[in-house]
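Given as structure tokens, the chain that follows is alone and in the form predicted on its own.
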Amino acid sequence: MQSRPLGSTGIMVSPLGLGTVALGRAEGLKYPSPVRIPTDDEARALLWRARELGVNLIDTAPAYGLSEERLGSFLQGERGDWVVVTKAGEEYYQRYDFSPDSIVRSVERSLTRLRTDYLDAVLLHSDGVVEAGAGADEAYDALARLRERGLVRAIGASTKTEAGADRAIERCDVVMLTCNEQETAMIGAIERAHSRGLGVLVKKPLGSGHAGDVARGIRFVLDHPGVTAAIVGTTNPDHLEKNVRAVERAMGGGAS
């Protein structure tokens, strides 16, 4: 897969990102089947296969249970090969605090868990309420100060509302939005973010595993010119490869 620029951040990412919620938690997920957290050997094999297939983008969060901590162990010695996106504002899980002090503490914990001295991007992990108000601005200010210190390369938000997306577009480098064949309300926000030079990451491009046709679902998302990458969660290397081949076909670079 050919890498794409993440907006104007200077960061290059694969058009498919690996979502890692299931590396750290099995409950509270919306997948069609129960999730089994992979063993360490299985998780390492997944990451090895991802890198072999050209995936360099990893999405994680404190709200994903042990995901950050496990990734910190697995990526030792390979940090430069990966673009790591994590979040702040939600802890494991559905415990929200967007105060500036909490945002800073969250990022400091993520740096420790991921065993790194910088994070490629940190996104405000929205609750769907604070993201469009003054609390979001205070959180963005805290993230911006961390960016100035060199601890974070890019800042953004994983949003749930169009108003929240528009606030993030005004303040951030990156925005993460839900978009798939069944959920299209954010297409306008994707276009606005693209026009402002932001990186756009799409979450739930396959409807949390409910999409019937993976290739069609991937193509639907990546056909939008403003989309930088689609984030798809899996712990199965075969599913990952299927997703990569779908991306290649969607981008015109693979066999049909």
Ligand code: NAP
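Throughout, we count residues from 1 along the sequence that is shown. All figures in this text were calculated on a predicted structure; none of them were measured in a lab.
FYI, the form predicted in complex with this ligand isn't displayed, but the following is about it.
**Student:** Each of 176, 205 and 235 near this ligand in the predicted bound form, meaning some heavy atom within 4.5 Å?
**Tutor:** Yes: each residue has a heavy atom within 4.5 Å of the partner.
**Student:** In the predicted bound form, does residue 21 come within 4.5 Å of this ligand, counting heavy atoms only?
**Tutor:** Result yes; residue 21 sits at the interface with this ligand in the predicted bound form.
**Student:** Counting only non-hydrogen atoms and a 4.5 angstroms cut-off, does residue 32 reach this ligand in the predicted bound form?
**Tutor:** Output for residue 32 is yes: heavy atoms within 4.5 Å of this ligand.
**Student:** In the predicted bound form, does residue 243 have a heavy atom within 4.5 Å of this ligand?
**Tutor:** Residue-level check for residue 243: yes, a contact with this ligand.
**Student:** Should residue 43 be counted as a contact of this ligand in the predicted bound form, where contact means heavy atoms within 4.5 Å?
**Tutor:** No, residue 43 is distant from the partner.
**Student:** Could you list which residues of 110 to 139 come within 4.5 Å of this ligand in the predicted bound form, counting heavy atoms only?
**Tutor:** The one in contact is 125.
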